[in-house]
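To begin, one chain is listed below as structure tokens, in the form predicted alone.
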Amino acid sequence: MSEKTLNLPVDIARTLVSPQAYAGEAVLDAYRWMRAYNPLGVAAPEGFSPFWVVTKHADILQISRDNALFPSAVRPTTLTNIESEDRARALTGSPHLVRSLVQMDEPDHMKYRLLTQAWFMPANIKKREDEVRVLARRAAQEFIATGGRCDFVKDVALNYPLRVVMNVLGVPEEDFPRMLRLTQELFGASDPETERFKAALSNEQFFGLVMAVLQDFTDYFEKLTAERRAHPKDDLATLLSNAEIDGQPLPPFERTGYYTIIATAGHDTTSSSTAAAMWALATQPGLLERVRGDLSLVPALVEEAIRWATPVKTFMRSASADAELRGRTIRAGDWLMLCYASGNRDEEVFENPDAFDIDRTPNRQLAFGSGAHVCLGQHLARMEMRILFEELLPRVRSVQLAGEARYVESFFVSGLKSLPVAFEAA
């Protein structure tokens, strides 16, 4: 197969690494072209190591479920340019600035996952439904209290999942704003509205600011660890503060990574899906009336919002040995981009994939990943979204957009950052 056939067009490769492309239709258009004409091609954008781009649902699942052949620890798990990867290796001795479950392979991955896995299983999550409902009711009341017009992202979708996850983790409420700010700076670091972003920064300066965010997390959670060791509580912070691996306390680097992944991924992604559900209710004729009249449809609304939003747009894997996929040879050491947002619009799996349709059965969305690295908090995310809309919808008679819906510019985690709505309370 010729190199020309293998390589993706320059404009497609450029789109994949452009944060701005993820704030509109550009990346979805690129995915659509790739699925049709080159579903497993190689992108070689300037400044980045070449990487395979995996756009089909079946291929993403196959790679995700073979962690031995396609490990996470060897190369960065998020798209990183050459200069930043070199800096990370110089600083940490690995390609990763943090070491969480996402960046681990066996045997470490399962050892660390088992520390908290029971907390996030459906049976245990269900025990927390009452406390989550209290937070959902508060969020619904705050929504109504805005008087008929608000920015749903800033007034509801950001705060509610944050409160849920911080309560589970054990972070006091006065520190919630700090956690939200650090999450936005870490995940939306390329978005021009992020507080610490400055367009004129060199790559070295930008890297320094990301490191400053991670240091903030480290300082905060080391203090929390000391507090929980002295005064244990029924929360994840106490569990992580006192956890052991192979008879030894968690190393500080890995402990910070664990805290960080729960504190960030646990709410930023859920807020994006929550906002997507409200966007659909405000724009799809008859949807609000239908779900409001039959709250048993809320789980289907939630699942479709997760597919539609796909907050984690991409994760990277590498190949540990030569592998064949779609008749092409992936070589040992090659880097691969798993495009979840493309897989969730795959025409072979989803009829009319660009439509928001709560009647998809089954809805085989893969926004939570698959295999050994499937999202630990998926059951909590579904539950908190379900409960929010169970509390919110009976209070709302009508809702519509009241301005432009705007999206975060980021090729890793992105979703709505502004959703102005006007509504009539029931």
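Numbers follow the displayed sequence, beginning with 1. The shown structure was predicted, so the numbers you read here are calculated from the model rather than taken from an experiment.
The form predicted in complex with a small molecule is left out here; the points below concern that form.
For the three marked residues, Phe120, His373 and Gly377, a heavy atom of each sits within 4.5 Å of the small molecule in the predicted complex.
In the predicted complex, the small molecule stays beyond 4.5 Å of every heavy atom belonging to Pro76. Contact check for His96: no non-hydrogen atom falls within 4.5 Å of the small molecule in the predicted complex. Among residues of the shown chain, Gly369 is one whose heavy atoms approach the small molecule to within 4.5 Å in the predicted complex. For Val102, a non-hydrogen atom is located within 4.5 Å of the small molecule in the predicted complex, even though that partner is not displayed. Stretch-level contact analysis of 131-139, 280-288, 107-115, 345-353 against the small molecule in the predicted complex, using heavy atoms and a 4.5 Å limit, identifies 107-115. A heavy atom within 4.5 Å of the small molecule in the predicted complex is found for exactly one of Ala30, Leu393, Val399, Ala381: Ala381. Interface residue among Thr269, Ser318, Ser241, Gln184, judged by heavy atoms within 4.5 Å of the small molecule in the predicted complex: Thr269.
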